[in-house]
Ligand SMILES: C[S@@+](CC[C@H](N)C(=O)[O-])C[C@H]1O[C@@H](n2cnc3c(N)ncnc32)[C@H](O)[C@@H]1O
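So this first bit is one chain, no partners, the form predicted alone, shown in structure tokens.
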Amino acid sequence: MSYQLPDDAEKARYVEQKFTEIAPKYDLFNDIITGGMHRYWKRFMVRQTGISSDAVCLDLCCGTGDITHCLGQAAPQGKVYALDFSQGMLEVARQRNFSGKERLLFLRSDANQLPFSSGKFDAVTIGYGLRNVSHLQNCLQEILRVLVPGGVLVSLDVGKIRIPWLFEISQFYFFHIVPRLGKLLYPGQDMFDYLPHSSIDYPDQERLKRIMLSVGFKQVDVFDFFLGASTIHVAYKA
């Protein structure tokens, strides 16, 4: 039987449950499928924030806290709020032995309804999270709201390779190899089928850039890795 994505009404509950189930081995899974490159991409995206040492940052859809920790290192006199709606992911993040952990605040909440006042954060990061929100534009508007004037959003997620034959190879890897690797860690876990299928309707690099501009960001820069299989968007608030 072919895999079916959850509908919009079920997506939030499904994603929260499934990410909680795979949280203990999620970092290992990412190391395997990217050859460890996701760690470089996360450090790169934090550098793109250009934050000062006393910045206040939000790591949205923080997962196990990789980006949260990098933000904490980049802002040693600042504060980092880490938000996710998967309790399992947050528990893994809280238990990790981060330096400067007292400046990292982990919260469970919904990315579509951020529990923060407007103009609070110098930077917002989101790694592999925009694909999983129920309402993309609403989430981007919320991010824009909580950024200070001149603040920056940096998003890391899957992209689309533009060279047709390379695109086909990448799709074979993503849809056939990645799920099998994941199920070696968690036999029968259909979250590893969700991950590639969630990319089908997710905007490509240029379309996502246009959406970001349409909600009010003044400038968006795009950085591609692996010819666009992974991509980083850097969006600035006016």
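Keep in mind that this is a model prediction, so the values were computed, not measured. The first residue of the sequence shown is number 1, and the count goes up from there.
Heads up, the form predicted together with the ligand isn't pictured, but that's what we're talking about next.
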Hey, of 22-30, 202-210, 50-58, 171-179, which bit sits against the ligand in the predicted bound form at 4.5 Å between non-hydrogen atoms? 22-30
Note which of 82, 143, 123, 89 lies within 4.5 Å of the ligand in the predicted bound form, where distance is taken over heavy atoms; exactly one does. 89
Between the options 74, 111, 152, 161, which residue brings a heavy atom to within 4.5 Å of the ligand in the predicted bound form? 111
Distance check, residue 220 to the ligand in the predicted bound form, heavy atom within 4.5 Å: no
Verify the contact flag for residue 147: yes if a non-hydrogen atom of it lies within 4.5 Å of a non-hydrogen atom of the ligand in the predicted bound form, no if not. no
Can residue 15 be called a contact residue for the ligand in the predicted bound form at 4.5 Å between heavy atoms? yes
Any chance residue 46 has a heavy atom within 4.5 Å of the ligand in the predicted bound form? no
